[in-house]
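Just the one chain here, laid out as structure tokens, in the form predicted on its own.
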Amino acid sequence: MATAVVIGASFAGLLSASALRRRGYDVTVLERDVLAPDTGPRDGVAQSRQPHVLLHRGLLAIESLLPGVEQDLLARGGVPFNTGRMPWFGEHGWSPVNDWSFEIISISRPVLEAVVREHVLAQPGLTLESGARVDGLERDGDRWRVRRAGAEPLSAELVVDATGRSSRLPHWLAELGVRVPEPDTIDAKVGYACRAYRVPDGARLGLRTGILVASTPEHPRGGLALPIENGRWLVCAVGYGDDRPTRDNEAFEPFFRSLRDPALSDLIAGLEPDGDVIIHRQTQNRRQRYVDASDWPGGLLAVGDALCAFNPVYGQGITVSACQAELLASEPTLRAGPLGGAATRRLQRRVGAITELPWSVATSEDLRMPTSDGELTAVQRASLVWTTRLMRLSAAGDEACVRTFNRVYHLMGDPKLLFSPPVVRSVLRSVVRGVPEPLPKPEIALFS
């Protein structure tokens, strides 16, 4: 049987391994961390304690690859809710609270990862070696030799890099004489601080969804609260540049009192802290340009954050990895045998194409921030005029605009939908009649 090695047991790595197993490969996953049997955070995932969002499209993709995951997430305490029901204070006002969106399951990253890993490892012909550090790659004819610290190299027809932001693939390629262009990067200098909370004994929380107060160019501080398993909440402070939150426990709650709206401050005033503040600042958008390497070797792919990493505030990373794995699972060129250079480049290009919409969303928004290290292009500025009108109409309750934004945000629809006839009619109507006033703040029943 043909063999594949996946480097990294990230979501991208686990899901890609499952996809390759479907294509007939005997798969070994090499993970640098020593994975404990519990569901606690792990050292190799810096953002492990931060809130994570699995968009609806990502949930569908994972369920298609690993049937039963959704039910197991609910059994582990995941909190399902329609994101249309979530109080969301955007740049132009509060979004309407209704069912015009899609359902997600809110759960902590360690539990989500544990459930996915259990389903992946239940497949025969797939093994995971934890505590396995990869030192480099070597070519051996049309095969690869994966060098491991303190162990014999592994031989495989196909190697997948899923090591995330810390990927060493550019260095390994340089050792092989393969030249790759510098990656595209956009950094808005955003930082996060997260703290877990619990509902006090005897208290009853009426809120059944999360709450979001978005950062804007004029108001660089924002925040998010999401319910997770065991009656706990993850509360995240978000700031850009000098407004990035610190790890100071005493400064955490005052941060929320400085936001544009007190909804999050009111929520955490009724909760009890369940741990210290954890910060995260690895938020640069970075896209590798591997498809531009003319001498890209056969049988080597990059997926997930190792290929394209986004500012995590937009919640796209896990969903993109799941969609990439879904593509691999149905890829006819992966027939459990050697993959030539040209075929590999074509496949890598298709894997990369999945990042185009999320990259556009993340970078266009980040480039609007005064703290960003780049500037909007003329095309992005023109597009921004249109999307700003749509966002204003959404805040005024326009159904066509709200539904369309939700479809695109959840990666459930093509961005061309932003120019669909119902949306265009709404825009033209607003040109004649003016944009209606934003909706009032929804009633948020925090405690009952």
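Start at 1 with the first residue shown and count on from there. As the structure is a prediction and not an experimental result, all values here were calculated from the model.
Not on display, but discussed next: the form predicted together with a small molecule.
**Student:** Name the stretch, out of 259-267, 214-222, 313-321, 237-245, where some heavy atom lies within 4.5 Å of the small molecule in the predicted complex.
**Tutor:** Contact criterion met by 313-321 only.
**Student:** Is the small molecule in the predicted complex near all of Arg85, Asp398 and Phe447, within 4.5 Å of a heavy atom of each?
**Tutor:** Not one of the three qualifies.
**Student:** Which one of Arg76, His280, His92, His119 is close to the small molecule in the predicted complex, taking close to mean a heavy atom within 4.5 Å?
**Tutor:** Exactly one residue meets the criterion: His280.
**Student:** Of the residues Arg289, Arg133, Arg139, Arg349, which one places a heavy atom within 4.5 Å of the small molecule in the predicted complex?
**Tutor:** It is Arg133 that has a heavy atom within 4.5 Å of the partner.
**Student:** Taking the small molecule as it sits in the predicted complex, is Ser426 near enough to touch it, meaning that at least one heavy atom pair lies within 4.5 angstroms?
**Tutor:** Flag for Ser426 set to no.
**Student:** Do Ala162 and the small molecule share at least one heavy atom pair within 4.5 Å in the predicted complex?
**Tutor:** Contact check for Ala162: yes, within 4.5 Å of the small molecule in the predicted complex.
**Student:** Is His410 part of the interface with the small molecule in the predicted complex - any heavy atom within 4.5 Å?
**Tutor:** Result no; His410 lies far from the small molecule in the predicted complex.
**Student:** With a 4.5 Å heavy atom cut-off, would you call Tyr192 a contact of the small molecule in the predicted complex?
**Tutor:** Because a heavy atom of Tyr192 falls inside 4.5 Å of the small molecule in the predicted complex, the answer is yes.
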